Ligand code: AR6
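Take a look at this single chain, the form predicted alone, given in structure tokens.
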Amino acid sequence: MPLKTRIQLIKGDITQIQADAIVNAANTSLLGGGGVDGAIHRAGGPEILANCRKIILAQGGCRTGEAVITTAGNLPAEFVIHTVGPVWSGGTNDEEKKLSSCYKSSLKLAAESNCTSIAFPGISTGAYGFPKDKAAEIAVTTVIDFLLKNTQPKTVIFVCYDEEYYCLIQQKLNTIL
């Protein structure tokens, strides 16, 4: 399947996306929060939090750059992949490497869970303050690199809540593809 047909770009609400897995920009506690995290927990219902609590008991949360998977509860997806993005602190704390790891970890977990489609929000671009242009570059290049080496997932959807990030992702995709 050509790379260009494996990537989609949507402006909208990730909680409304039909995909095998949607990615949650979570915090290390996995207990919900604001932004995408809060929206996913609210829309998905208590089943997601119950699954997160089991993960917390088993491994104590989720570290920055890593990912864990739960049910999607009431969402139109089968799974939620929770990944913890880095807080931007000027680029001196390996933030770019950690953000790339969020995408790689999520894609790997999706493939291991036989997901044919996965939807990503703008990880770390909200309250965590990651510059959107840098985040878009990392998101697009990391996803493309993964897809070039792997057959699963078949489809990656970038779901952009705001116009600015949508345009940045579109620019990066147009430049690379």
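Quantities reported herein were computed from a predicted structural model and do not represent experimental measurements. Numbering starts at 1 and follows the sequence shown.
Here the subject shifts to the form predicted in complex with this ligand, a form of this protein not shown in this document.
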* Position in contact with this ligand when the complex is considered in the model of the complex, options A111, L49, A127, I55, heavy atoms within 4.5 Å -> A127
* in the model of the complex, segment of 145 to 153, 59 to 67, 28 to 36, 111 to 119 with a heavy atom within 4.5 Å of this ligand -> 28 to 36
* Establish, in the model of the complex, whether D20, P76 and I157 all lie within 4.5 Å of this ligand, using non-hydrogen atoms for the distance. => no
* Asked: So in the model of the complex, does E164 come within 4.5 Å of this ligand, heavy atom to heavy atom?
  -> no
* Asked: Is there a heavy atom of I14 no more than 4.5 Å from a heavy atom of this ligand in the model of the complex?
  -> yes
* To do: Give a yes or no for A139: in the model of the complex, does one of its heavy atoms lie within 4.5 Å of a heavy atom belonging to this ligand?
  => no
